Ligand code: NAD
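Encoded as structure tokens, the following chain is the form predicted on its own, with no partner shown.
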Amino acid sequence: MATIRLGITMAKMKAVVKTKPEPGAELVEIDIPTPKPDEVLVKVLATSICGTDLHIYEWNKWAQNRIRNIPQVMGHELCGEVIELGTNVKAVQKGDVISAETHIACNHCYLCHTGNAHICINGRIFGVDVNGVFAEYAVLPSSNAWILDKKIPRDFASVMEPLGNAVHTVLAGEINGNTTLVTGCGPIGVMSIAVARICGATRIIATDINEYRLQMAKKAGADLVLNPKKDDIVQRVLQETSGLGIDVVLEMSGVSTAIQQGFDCLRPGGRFSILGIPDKPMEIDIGKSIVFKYATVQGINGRLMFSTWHKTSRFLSSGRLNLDSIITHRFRLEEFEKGMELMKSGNCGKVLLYPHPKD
């Protein structure tokens, strides 16, 4: 007979697991995890698929070089309900509905001590370094649990982590009153358009080669969408800015040609914030693109812990930031392969998975 722990039948739970160092993943049954003293156990209400999850699923070069623990539960974006507390947990209560910061910081290295826990030297990530959240239940450090305002819809909560990437990138410098170019209209790129719009960007131009995503960009608030396969990006941007160039570039694609186009579009003294990650090294003329332009170039990694979370929560609680058009597909956890195929096609925004039947 199964044992009972705080009302949880200690049988098995469903989880999407990377079981082998090869393409694919499996839906398997594993033990429901037990929280350590500083952890909480959550019932996963909704989880969303990230590009990182797709890389792991496809087992590309990045995944082959990065993933060390197999088998491992995939996934890192979630909305969950806290159902059990570790013995040391005080700030989180049973019944709290939470999202989660997915970077687990050590809290004792130089970077953590100097306000940069998001780039902790010893940092780990759910679903990459430790078991993730593509499961019916998951454990996480209580310090990573972000208690949600009841005004925030649960589906929105499940994508707060990638939304935080967009918020961090947009607000990494002045945006109010500035012209803005977003290169790459994947889900985070589209989110950055929505954030830039409510933060006062005066004209937003977005580029992508996928027409589905360009239409998403329009819905999110882009004033002009351009396809590099059809449009001369640099010429059009210069036309739109009276020959000056764009004030702010938000690079979300990780595509070398888009990155170079972004630099060519940037006005002298402009800001270039990079979240997209190229899949291989690229060349750039530093003198022409950066030095003589007096450009500010920023690498953006994750979310500032935890000021970005406060801002993201306020945007969502205010009702000014609506993600309905960005969350485009919903599946049961068992249908995760459908979600992965959609992600491969690019014809989607955020794809959500539900481990439990919806109420």
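It should be emphasised that the depicted structure is a prediction, and the values quoted were computed from it without experimental measurement. In this text, residue numbers run from 1 along the sequence as written.
Another form, the form predicted in complex with this ligand, is not on view; read the next lines as being about it.
Undergrad: Have a look at 209, 152, 111, 89 for me and say which one sits with a heavy atom within 4.5 Å of this ligand in the predicted complex.
TA: Looking at the other structure, the residue within range turns out to be 209.
Undergrad: Ok, 258, 265, 117, 98: which has a heavy atom sitting within 4.5 Å of this ligand in the predicted complex?
TA: None of the others qualify; the residue that does is 258.
Undergrad: Taking a heavy atom within 4.5 Å as contact, would all three of 184, 189 and 275 count as contacting this ligand in the predicted complex?
TA: Verified in the predicted complex; spot residues all in contact, yes.
Undergrad: Applying a 4.5 Å heavy atom distance criterion, does residue 295 contact this ligand in the predicted complex?
TA: Residue 295: no contact with this ligand in the predicted complex.
Undergrad: Answer yes if any heavy atom of residue 32 is within 4.5 Å of a heavy atom of this ligand in the predicted complex; otherwise answer no.
TA: No, no contact at 4.5 Å.
Undergrad: Evaluate residue 253 for contact with this ligand in the predicted complex, applying a 4.5 angstroms cut-off between non-hydrogen atoms, and reply yes or no.
TA: Close contact exists here: in the predicted complex, residue 253 approaches this ligand to within 4.5 Å, heavy atoms only.
Undergrad: Consider residue 123 of the chain shown here, and say whether it contacts this ligand in the predicted complex, taking contact as heavy atoms within 4.5 Å.
TA: Heavy-atom contact with this ligand at 4.5 Å: absent for residue 123.
Undergrad: Only one of these stretches, 142-150, 172-180, 245-253, 128-136, has heavy atoms within 4.5 Å of this ligand in the predicted complex; which one is it?
TA: The contacting stretch is 245-253.
Undergrad: Using a 4.5 Å cut-off on heavy atoms, which residues of 291-311 contact this ligand in the predicted complex?
TA: Contacting residues: 300, 301, 302.
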